[in-house]
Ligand SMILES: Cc1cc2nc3c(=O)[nH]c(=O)nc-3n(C[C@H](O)[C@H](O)[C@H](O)COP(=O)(O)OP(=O)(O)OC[C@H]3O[C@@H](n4cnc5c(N)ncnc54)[C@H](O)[C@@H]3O)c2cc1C
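Heads up, the chain below is alone and in the form predicted alone; it's given as structure tokens.
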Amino acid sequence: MSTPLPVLICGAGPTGMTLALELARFGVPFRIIDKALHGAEQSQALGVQARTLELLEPARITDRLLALAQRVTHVQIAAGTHSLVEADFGDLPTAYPYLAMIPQCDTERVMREALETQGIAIERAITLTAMRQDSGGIDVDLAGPGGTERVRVRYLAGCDGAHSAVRHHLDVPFEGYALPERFALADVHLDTSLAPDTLRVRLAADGGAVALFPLRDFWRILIESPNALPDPPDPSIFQAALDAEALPARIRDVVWMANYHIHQRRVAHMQSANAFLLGDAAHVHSPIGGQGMNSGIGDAINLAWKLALVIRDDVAPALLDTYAEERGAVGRALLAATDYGNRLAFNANTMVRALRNAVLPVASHLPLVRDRLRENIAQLRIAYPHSRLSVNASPARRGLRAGMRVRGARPASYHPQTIVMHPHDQSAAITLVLRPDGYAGYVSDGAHAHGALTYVRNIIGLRS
């Protein structure tokens, strides 16, 4: 019997390519397939958050992405002329204190070129038609231009979007609902005096909204309407939305337009034996906050180092269960937050809107609320405090705790690293085990390595 392929990645969008980049960096063999003939050709997802830029640093593509990005440092949300939220990202606790606005087609091109420089090609026009799991792995049937083949794989990663074939063949319910709001977007060239470092959102009195996103070469207009929108959309509705909110901008020409509907859905479990669901295959939600593509990339980063330890170092496969535990909790929180944001932004109830307009300006100026809002959008507050991989060996105290992001961490290996920190504001050293994704796994007061070694052996399962 031939040796199974260690990993098959189904889906070559940003999520699948991130997983491919990480597995290649860790020396784990894989194939990456996609049913489409080519990648994204339009802008689609735009915002790359600060935490995502941090996570992509080891793959050496962050600088290449930033070369294509419009850096947004301010977000303004208003209801008519009434300012609700003014968020300044300039002092975020990160090397990337901004929202990097990059068309998805450019993000994918940078990732694809990074794979190609390593001799890795995406296999296009390949469809997963069937799969059967047993205790040793998965038999996968693939159909493509060259015919059909059966591939024996040890692990299967479903990164194939909201209509995931992997999820379908696993028979995993995609639970949730469609939102009633109607959306249309247009990528346009504008004549405008508006500064390109600010993302602007205007909430209309009828419950609708218009948002204006700056990019390097064009602008995106997003409108939400409680009424039916023309399908396909007409440029006039975008200009009318700008005019209604007194935004000083004239559309010169349109690059791309589309209507779309939003769903709030997720799977109950992101893992089924040796198969995993990532990104939109596992969770879809409102675009409020620009979290979607970033969450898929975070899923891939979380899974990759765990696969590497299991495949290359024979760590017990139970480590892989922590992927669904950790990222499932992130997905649940994300859907709850975007659902709340959607209801707050687009509520048609006059009393709710009046209360929102009264409370938000006050709340958003409170330092605690302001900082949490900005850091949540930037995904800097994502943490795994309740994971079985998070161990605090010291009494509860302020500061770094297990499961938290370690600012400035740049782990290059898929092996957890024991380090000793000497914070300026504390007399005692802190020993921590830094996970390969830049989160603290084990935290202890003092410069003692014994507990860290025990953690790596007994919790992670790495013996050597």
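Bear in mind that the values here come from a model prediction, so they are computed numbers and not experimental data. Start at 1 with the first residue shown and count on from there.
The same protein also exists as the form predicted together with the ligand; that form is not shown, yet it is the one meant from here on.
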Legend entry - Contact segment among 358 to 366, 126 to 134, 320 to 328, 230 to 238, judged by heavy atoms lying within 4.5 Å of the ligand in the predicted bound form: 126 to 134
Legend entry - The unique member of 306, 202, 220, 266 whose heavy atoms fall within 4.5 Å of the ligand in the predicted bound form: 220
Legend entry - Partner-contacting position among 255, 165, 344, 194 - heavy atom within 4.5 Å of the ligand in the predicted bound form: 165
Inset, instruction - Spell out, yes or no, whether the shortest heavy atom distance between residue 260 and the ligand in the predicted bound form is within 4.5 Å. - result: yes
Legend entry - residue 159 within 4.5 Å of the ligand in the predicted bound form, heavy atoms: yes
Legend entry - Partner contact for residue 279 in the predicted bound form: the ligand, 4.5 angstroms, heavy atom: yes
Inset, instruction - Look up in the predicted bound form whether residue 36 has a non-hydrogen atom within 4.5 angstroms of the ligand, and give yes or no. - result: yes
Inset, instruction - Verify the flagged residues 53, 438 and 441 against the ligand in the predicted bound form: is each one within 4.5 Å by a non-hydrogen atom? - result: no
Inset, instruction - Output the sequence-ordered list of residues from 6 to 23 with at least one heavy atom within 4.5 Å of the ligand in the predicted bound form. - result: 10, 11, 12, 13, 14, 15, 16
